[in-house]
Every structure is written in structure tokens, then in C-alpha cells.
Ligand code: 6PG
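One chain comes next, on its own, written out as C-alpha cells in the form predicted alone.
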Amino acid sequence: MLPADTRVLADPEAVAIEACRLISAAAAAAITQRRIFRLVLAGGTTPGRIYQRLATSAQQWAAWEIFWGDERCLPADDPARNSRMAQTRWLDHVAIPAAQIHPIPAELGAAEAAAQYAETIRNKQPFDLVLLGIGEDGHTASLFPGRKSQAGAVIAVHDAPKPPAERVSLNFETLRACRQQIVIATGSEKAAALAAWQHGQNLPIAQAVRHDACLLLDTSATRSADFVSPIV
């Protein structure tokens, strides 16, 4: 089942605007209450516009702390890295202290990076907000369908079905260990996976997302004959 708070918006730009609004509100609340805002970023291409909008927003950047949900085992400066996309579109342009930005060191290899990142996040949970996307096959972060479950807060992935095969990912329990989740999905290529999730298929996204998450969709992502639009 999809989260009860599922919102269908006009297009990817509307999704980015709403996501930025929710992230900003979560940041303000966390900083007021705990003086720090800990945010886990999604990878892939979908959140790119969100990051660009955040770069031009007014925030208490010194109180933000950034983590990633997953990373590809590529050189640290490879443009296909999730960290590079967030850096170039957003983080390089705002005043978050460097010591509060925690990319996954996936250039070390999946096993070593997973061990190191587990230590990095060990005392950082619950996260204030986890941002998640969904792949065409229903994966989220680097948790793919049909893969054997692993123990541990951060896992090494050696057999991802899309390149590169070697990755590092926060595990299901870690992605759920937060005060708030926002899930974003745009484009018709996501429609089949969203419909399958809605109808109870045990996809990785279904295992990672809490019932109280906020799911932001654009209209294209709902264009499946099997998708039942929520009443809003």
C-alpha cells in the first residue's frame, strides 16, 4: 500500500517545489528543537531539480548535516556518483560546513565503504528526514528486487542489476530510522512500479517506506491502468 499522504502534482517542477517546501519546514523544526538538521539524500536523477532549488533557498546552513542513502563504487570525482550530483547542483553553493557533509567513501570498495559509513552514522540516528526515490523496478537506494537480505545498518552490494554492480546502501531499517520520510517519483517510467507497490507487491520501496511517509508524484508517474489515484 502507498502511504496515506500521497500527493499527485502537475509535473516534476511542482514535485520539486513541494519537496523543497517540506524539507525547509523539517529543517526549521529540527533546528529549533535540536539545533541540527540531519538529512539523508536520494541518488539518481529525479532529485536533481530539488537540489538546484535548495541551492537558491535561504536556510540556516550551518546547522545542516548531510548523508547519502547509497552510492556507486566509482572514483570520488566521477560525475556518475550520487555525491557529485548533489555537490555540483547544491552543496558547493551553500555554507554547510565541510565536516557536516558525509559522502559514502565508495571509492574504497563496497565492503570497506559500508564498514566505514556504518561507523559514520552510528550516533546520528534517528535522522530528521530521509529522501527516497523509486526505480523502474521498484528499487530504492541500492536495494534491488530479488536480492538476498543482509544484516547491518549499511550494506555492501556486489550484484546490482544496473551498472556499476558494486554499490553501498543504507539498509531498510536504517532508511526507516528517521523522524520523517519523503518519497519522490516522476515520469511515466515509474508508473508500473508505483502501481505494483500500491497493489501490495513486496518491492524494496515498500519495505523501506514507512506508513507515515509523504509520497510526491507527478501525473506522469500515475499513468498506469492499474494505478488508483488517491482522493485529494
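Every value quoted in this text rests on a predicted model; they were computed, and no experiment measured them. Start at 1 and count along the sequence shown; that's the residue number.
Form predicted in complex with this ligand: not shown, discussed below.
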Listed residue (Arg89, Lys162, His102, His158) with a non-hydrogen atom within 4.5 angstroms of this ligand in the predicted complex: Lys162
Contact assignment for this ligand in the predicted complex, among Gln181, Thr46, Asn171, Gln198, heavy atom within 4.5 Å: Thr46
This ligand in the predicted complex: contacted by all of Gly133, Arg167 and Lys190, heavy atom 4.5 Å: yes
Among 173 to 181, 23 to 31, 59 to 67, 37 to 45, the region lying within 4.5 Å of this ligand in the predicted complex by heavy atom distance: 37 to 45
In the predicted complex, Ala141 touching this ligand (heavy atom, 4.5 Å): yes
Residue contact check: Asn82 to this ligand in the predicted complex, 4.5 Å heavy atom: yes
